[in-house]
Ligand code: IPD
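First, one chain by itself: the form predicted alone, in structure tokens.
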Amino acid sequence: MLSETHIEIAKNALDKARTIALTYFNNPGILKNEFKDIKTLVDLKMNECLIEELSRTGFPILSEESELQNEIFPECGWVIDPLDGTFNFTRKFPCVGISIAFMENRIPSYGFVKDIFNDITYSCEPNRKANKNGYEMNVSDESKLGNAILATGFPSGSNYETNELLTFISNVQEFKKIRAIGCASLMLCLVAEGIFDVYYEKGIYIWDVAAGLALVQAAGGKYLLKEMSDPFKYEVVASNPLIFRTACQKLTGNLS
């Protein structure tokens, strides 16, 4: 369990990283732009800030910006994405988050997400309701997929082959509406808030979703986190409990 001091460190780290992001708003410093992936100087600066702050807690840290071949998924520790929605940030599309999760037994138990453009903080901890700037959140009460909003996307590490995309289209056709905003952490926050009903992505990295999954669960929802061949990639479904099993079956072919 984290102490109140640890929680304050995490929340302060969000604010400090957001300040750095805003200083790079007009010049993010593109370092790599290959296929579906993009890296910027602001990613690295925010990563340095978060690691410096969270290192004060003494827990291990796994970050998107780490040298992954030397990293181990911590049984207990921080999993962070300094800038979730980097491409959005470079285009000034206002759906960008900072994601900090704390894992216990490799399960997201604490979640902290900062909506950079709107200065909103989402947070949760065990046995307490998820909240948005201090106000409690609840998942939706929608019970039919035909009326549900599905939040989804195509992660940079996902399979873009034609057959895979056709299967994806077939799986999502039953939903009322589809929303893809390019920021997994904020899509999950919107599920936790009851604005979206279901979130699904295949091939998404753990640092993109860990904090958001903790928030969905703390808001009364459920999630499936299915490991893939890459130790950091997952197939993920999250929703309110009324349509969780149906959504899992429709999107993954399995009941959960």
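Here the structure is a predicted model, which is why all the values come from computation and not from measurement. Residue numbers here begin at 1 and follow the sequence given.
One more form of this protein, predicted in complex with the named molecule, exists but is not displayed; see below.
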| task | Taking 4.5 Å between heavy atoms as the contact cutoff, choose which of Leu190, Ile204, Ala218, Val42 touches the named molecule in the model of the complex. | result | Ile204
| message | Taking any heavy atom pair closer than or equal to 4.5 Å as contact, tell me whether Glu64 reaches the named molecule in the model of the complex. | response | yes
| Even though the named molecule is not shown here, does Ile100 get within 4.5 Å of it in the model of the complex, heavy atoms only? | no
| So, in the model of the complex, is Thr86 in contact with the named molecule at a 4.5 angstroms heavy atom limit? | yes
| Hey, in the model of the complex, does Phe154 get a heavy atom within 4.5 angstroms of the named molecule? | yes
| message | Looking at 100-108, 135-143, 176-184, 122-130, which stretch has residues with any non-hydrogen atom within 4.5 Å of the named molecule in the model of the complex? | response | 176-184
